[in-house]
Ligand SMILES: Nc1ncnc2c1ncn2[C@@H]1O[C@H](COP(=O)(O)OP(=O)(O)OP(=O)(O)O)[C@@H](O)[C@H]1O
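Just one chain is shown here, as structure tokens, and it is the form predicted on its own.
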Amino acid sequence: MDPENFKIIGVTRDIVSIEILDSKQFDNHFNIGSYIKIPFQSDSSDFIIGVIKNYKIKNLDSTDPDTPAGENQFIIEVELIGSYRVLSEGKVEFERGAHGIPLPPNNGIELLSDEDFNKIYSCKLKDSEKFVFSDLAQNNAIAVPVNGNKLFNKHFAIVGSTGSGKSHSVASIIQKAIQEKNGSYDDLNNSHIVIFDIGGEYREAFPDANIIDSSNIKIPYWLFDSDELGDLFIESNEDNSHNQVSQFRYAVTENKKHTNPDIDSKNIYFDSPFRFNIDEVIRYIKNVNNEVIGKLEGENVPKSISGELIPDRIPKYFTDDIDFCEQSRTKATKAGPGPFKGHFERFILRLDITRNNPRLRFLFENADSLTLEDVLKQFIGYTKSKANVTIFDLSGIPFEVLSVTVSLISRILFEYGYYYKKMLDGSSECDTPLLLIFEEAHKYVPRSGLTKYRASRTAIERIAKEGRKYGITLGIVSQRPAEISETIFSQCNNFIAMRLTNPDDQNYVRKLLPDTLGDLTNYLPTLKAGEALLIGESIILPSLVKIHMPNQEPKSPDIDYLDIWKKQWKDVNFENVTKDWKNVT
């Protein structure tokens, strides 16, 4: 390819127009999205790097019909994205950002060679930092390394429409991460990855993972914080909800003190991770709802039907179902309603329904036998069979508690990171960093202000803003990025943007991308499955890449409808289908 076949015909601050004098020299050498280098000065080792954003045809045919037809010439528009300097011994430097080229413009323009790409991608990477999970889309012979530290120690997002290859990309990246080793030891490496799998896709991709689903999950209700307990038990739109919250908080706090007598009561508060007995709390609320106050001289305290005065509600309201005396205005038996008498009828009904809901059995069964340490080991894969990857299969978790379940797990892992770092006392860095992958994140951290999403949004947004300093980072995966909390997305430093067909999602991603990529983002609706725009702090040159296929693929949600429909009619055992549905075991 002759460099002099290019002729610069126009220059702006970030766009260079180049005429190709003889198009016969080219045969599929480049297309839109290809990279070129332009000499900064004549015979210089400094170059400006640009990406071809479009081209147009310059027709040289004469208007004179007797003139022989001429060859078409092409004009390409190149967006400048960085500067490239060749140093001694073949080393190179690359810096993002370019501000035009000096006068007079130099020809000698060339397409970036494979060697150029390899040098640019690696020029700021130590060998120990290189992490490869993709190849250049235009040339699959060129591996695209990223800085693995900057990919995983900063939040990242993988976005793309259904069928674009998000799940395969997640599986490929995580499989490569858990295979990375510094040395030749036989044991697992020290990676710790938690996947929130809302569709049950990842079991097949990680057969050795720590699988947690509705059948074995251990989440004791007493670990819930105020927002989570409120979402679970309080009907926030009731007129009386402020009284419900007040009495419920008081009952839970006092029951924690009652249940944990060995702990200094000054260190116990509503959000403390100490056990409490939900049945005793419900009993307290029922007693308060039925309470009658004796009004005779010297009484003015709750009074039972036997005439017993109850000056202290705690712990009697926890342990006894009290029959209160009748209300009366007579001088001999004067008694009046307590301050909340009859106010909590609907609240008690909700408490009883939630407590006895068989679909929420996993919150209440064996809760008294679990410790905080048991829960942490389960969440991070420190069980009898250690695992790098923990998969929370949320497909069987009731939708009404999906948000609070995700909230609790996320919050517990954040607080684990916080207290682990505190234990180290600043003497060393976190030595068990966690990566949390939120698959279909728009379903539990949406931009919606609805109360039912409050707990999960609060927990995950806190990780997005503060998690990195405690060794907790996020991988946000979604097919609808426009529906995800801006607070979470704005904290992502790396993006793997796959095919997006929805204009709102395309515009939202363009707005959030940390680089000015111009028309590169216009590729988003036309990318093939597995292709992505890779951009962020972990990669030196924003690139269109092809993600490697995972060794073991996640379960595809696609069903071959036509192939199945062609088969003979299949009978369905409806009794088996409805067994779990009706919670019949």
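Quick note: we count residues from 1 along the sequence shown, nothing fancier. Because the structure is predicted, anything quoted here is derived from the model rather than measured.
What comes next is about the form predicted together with this ligand, which is not displayed.
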* Is residue 163 close enough to touch this ligand in the model of the complex, meaning at least one heavy atom pair within 4.5 Å? -> yes
* Asked: Heavy atom to heavy atom, is residue 168 within 4.5 Å of this ligand in the model of the complex?
  -> yes
* Quick one: does residue 354 come within 4.5 Å of this ligand in the model of the complex, counting heavy atoms only? -> no
* To do: Indicate whether this ligand has at least one heavy atom within 4.5 Å of a heavy atom of residue 533 in the model of the complex.
  => no
* Considering this ligand in the model of the complex, find the one stretch among 500-508, 297-305, 155-163, 118-126 with heavy atoms no farther than 4.5 Å from it. => 155-163
* **in the model of the complex, the one of 51, 524, 547, 48 near this ligand [non-hydrogen atom within 4.5 angstroms]** => 547
* Pick from 494, 479, 253, 83: which has a non-hydrogen atom within 4.5 Å of this ligand in the model of the complex? -> 479
